[in-house]
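Let's start with one chain on its own, the form predicted alone, as structure tokens.
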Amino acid sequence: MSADRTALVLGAGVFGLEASLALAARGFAVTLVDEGPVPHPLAASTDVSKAVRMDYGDDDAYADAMLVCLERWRERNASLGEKLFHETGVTYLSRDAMTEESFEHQCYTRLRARNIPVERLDSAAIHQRFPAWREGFHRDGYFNPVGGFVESGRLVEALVAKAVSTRIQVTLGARVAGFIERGGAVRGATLADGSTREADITVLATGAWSSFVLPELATQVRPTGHPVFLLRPRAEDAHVFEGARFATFGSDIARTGWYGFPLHPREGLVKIAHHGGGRELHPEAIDRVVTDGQITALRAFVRDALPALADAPIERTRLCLYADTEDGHFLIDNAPSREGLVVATGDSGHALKFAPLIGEWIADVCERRAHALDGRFRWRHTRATRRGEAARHWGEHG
């Protein structure tokens, strides 16, 4: 490895932090710039939890990548010195009997083919195993003991601390004003205060802000908001939502969008969110709030499905901001019109679970190396024909 290679990473979310650490491990001198604070309150990764699942319908490539990721998540609990990944398992449940073409059945058959000890559950077994669900609400589904959730905001904090200890130069409170371009190539960035940061490779990892920094990304990535709710169950009901009795879940997710998590080990809250089409908006829009209609939809769902949460107070809400691509795949590639600039964005609402691999994928692009998924992460020159990954609901409600 050469010690004189330099990299400038713009954005200290999960994409940017993981890229910085991976590039530093490969011998780059890395500068990481972010407007701050980190975790940023508006960033997608700033949340109490994100799902970690290898349940991807018929998408074998993502499922195989997650087999590697899951082992690395387990290793990270040790390497970071704190338990941020909670392997409570995951449940994907269906209101109707699973059919061969359903998301749940496609997951179930592929999990079994990979020798994952997945358990199929009928209506009675669902209620017996996970009593918070109203008996009879779901008719079919399965429990996958592999997976769970990661405390995403705390992960960002841990990665920042690791970056500092790795001697990555971290600059916070700095907004990107533009790129330095010489000889037909990007050679760094100019910051809003007029200072400059020069580098051999510049990585744009600003999430939902990416298309506002690089306008040609507007045809590739658009920011969309998706409602998140944090509910506090009554003290006498809290035990039925603990991880041993209430796994990370998708409730007929491809048809409804509803998913959620067990009782948070530190917050004492149950998070329920909607993985759907969302609402397009600017990341800093003043109307970036959960609507009354979304709250009504959430209340109807828990009243019918999770009666112990029917009257639970909603302590916090937020719109989680996706950097959405048309086909739901990430965008990790060299910008075609700007030599020296690597774009790393397009989370599309399902990227954080891949955090232990994302940095490697970005570093591979920086070094012009191939990796197993680089074909689907490249710059799209034609409009995609598929919208979103298989768990995502594209209906109107939520």
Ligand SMILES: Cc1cc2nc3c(=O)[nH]c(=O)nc-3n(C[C@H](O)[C@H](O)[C@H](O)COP(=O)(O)OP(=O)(O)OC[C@H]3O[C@@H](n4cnc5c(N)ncnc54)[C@H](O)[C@@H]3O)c2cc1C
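These numbers come from a predicted model, not from an experiment. Counting begins at 1, following the sequence as shown.
The same protein has a further form, the form predicted in complex with this ligand, not shown here; the description that follows concerns it.
Novice: Select from the listed residues Tyr108, Phe246, Tyr259, Phe301 the one whose heavy atoms reach within 4.5 Å of this ligand in the predicted complex.
Specialist: Checking each option against this ligand in the predicted complex, the one that comes within 4.5 Å is Tyr259.
Novice: Would you mind picking the one in Ile126, Leu321, Val203, Val270 that has a heavy atom within 4.5 Å of this ligand in the predicted complex?
Specialist: Going through each option in turn, the one that passes is Leu321.
Novice: Taking this ligand as it sits in the predicted complex, is Gly207 near enough to touch it, meaning that at least one heavy atom pair lies within 4.5 angstroms?
Specialist: Yes, Gly207 is a contact residue.
Novice: Give a yes/no on whether His226 approaches this ligand to within 4.5 Å in the predicted complex, heavy atoms considered.
Specialist: His226 belongs to the contact set for this ligand.
Novice: Quick check on Ala351: any heavy atom within 4.5 Å of this ligand in the predicted complex?
Specialist: Heavy-atom contact with this ligand at 4.5 Å: present for Ala351.
Novice: How about Lys50: is it within 4.5 Å of this ligand in the predicted complex, going by heavy atoms?
Specialist: So Lys50 counts as contacting this ligand.
Novice: Using a 4.5 Å heavy atom cut-off, which of 232 to 240, 80 to 88, 126 to 134, 168 to 176 contacts this ligand in the predicted complex?
Specialist: Of the options, only 168 to 176 has residues within 4.5 Å of the partner.
Novice: Using a 4.5 Å cut-off on any heavy atom, which residues of 7 to 26 would contact this ligand in the predicted complex?
Specialist: Gly11, Ala12, Gly13, Val14, Phe15, Gly16, in sequence order.
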